[in-house]
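Single chain ahead, by itself, as structure tokens, in the form predicted on its own.
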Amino acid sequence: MEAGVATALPEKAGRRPLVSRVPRFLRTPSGAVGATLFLAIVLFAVFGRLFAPHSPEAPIGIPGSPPGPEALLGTDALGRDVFSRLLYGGLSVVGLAGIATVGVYAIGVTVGLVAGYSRSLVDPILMRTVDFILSFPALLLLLILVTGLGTAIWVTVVGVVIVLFPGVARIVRAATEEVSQRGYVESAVARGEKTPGILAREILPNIVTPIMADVGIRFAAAVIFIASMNYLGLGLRPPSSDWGLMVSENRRVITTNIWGVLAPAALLGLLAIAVALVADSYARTRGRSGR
């Protein structure tokens, strides 16, 4: 090789910049903000109790005291540290709402897929059942279930699933009806593929966008319903630490220490907003990419 002639080293193939490995929806402003906020709240809820300065059940001062050196957010209606109860109270909200949301989509997606793809009497039977459930006001249906089955927290979770899955089923059914008429589905039928395989491999991956666009709404609704039931004393019971329960317990001392109500209510709102931002960003970027 002649002197002075530089040889360029070939670039390593298959290695992408770190930024490009991040999913597209997390690179949008709303997706990044929503994911960061959601992660922060989840970490706060899961690990916050490790940093609690006081026991969440032991009184440390005069009930309804404003923030001070011993209590960063003051005390609640029973003299307990609001900040410590806030650190303990998020796990129940995130965990129960997450379990309820998984149940909502497990049932709603299954019902919607079967109803939308079926060409038999199954479709009207399933959808009339869905319409019957939707005819009840959500909170009234929850109260009926709690009255009949008791105030155990599993009753609240099951009730939230029953209240929310019909909306998911209707969305999935409409999307399934549209996708099932496309050529690749008809080709799968012509090849003799079984119905479960067609639903799982041909239809479900192509209706992910409307499903994901709806996740934020359902999760937010689950958070609100569970917090509302706890607020009414029909879910978790005192002395449990729960953000919804904290709002209910501290109403009577709101004039002396507003943080007992404002802090848990703000975290509940931020949690719902964070999930909605992530789900909406995912749906938008997936819709633009056509995948």
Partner chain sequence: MEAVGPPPAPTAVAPRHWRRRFPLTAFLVRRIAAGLVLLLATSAFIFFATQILPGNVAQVVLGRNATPQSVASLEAKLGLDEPVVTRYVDWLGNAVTGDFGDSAVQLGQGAKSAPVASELGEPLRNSLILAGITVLLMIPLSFLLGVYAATRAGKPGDHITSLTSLVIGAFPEFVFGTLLILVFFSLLNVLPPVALVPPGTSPLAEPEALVLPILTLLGVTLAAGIRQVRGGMIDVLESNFVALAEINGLPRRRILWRYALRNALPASIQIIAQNILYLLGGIIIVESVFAYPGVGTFLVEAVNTRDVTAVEAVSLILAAIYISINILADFLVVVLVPKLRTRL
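Heads up, when I say rigid core I mean the largest set of C-alphas that superpose within 1.5 Å between the two forms. Numbering follows the first chain given and starts at 1. Just so it is clear, the structure is predicted and the values come from calculations on it, not from any experiment.
Below, we refer to the form predicted together with its partner chain, which is not included among the displayed structures.
Listed residues Gly233, Pro53, Pro66, Pro239 were compared with its partner chain in the predicted bound form; Gly233 is the one with a heavy atom within 4.5 Å. Checking Ile254, Val46, Ile60, Leu39 against its partner chain in the predicted bound form, a heavy atom within 4.5 Å turns up for just one residue: Ile254. At a distance threshold of 4.5 angstroms between non-hydrogen atoms, Thr151 is in contact with its partner chain in the predicted bound form. Its partner chain in the predicted bound form comes within 4.5 Å of a heavy atom belonging to Ala265. Although the partner is absent here, Ile258 is a contact residue: one of its heavy atoms lies within 4.5 angstroms of its partner chain in the predicted bound form. Within this chain, Ser228 lines the site of its partner chain in the predicted bound form, having a heavy atom no more than 4.5 Å away. The partner is not drawn, yet in the predicted bound form one stretch among 82 to 90, 68 to 76, 107 to 115, 131 to 139 has residues with heavy atoms inside 4.5 Å of its partner chain: 131 to 139. Scanning 263 to 283 for heavy atoms within 4.5 Å of its partner chain in the predicted bound form gives Ala265, Leu268, Gly269, Ala272, Ile273, Ala276, Leu277, Asp280 in sequence order. Relative to the superposed rigid core, the position of the CA of Gly235 differs between the shown form and the other one by less than 2 Å. After superposing the rigid core, the Cα of Ala52 is displaced by less than 2 Å between the shown form and the other one.
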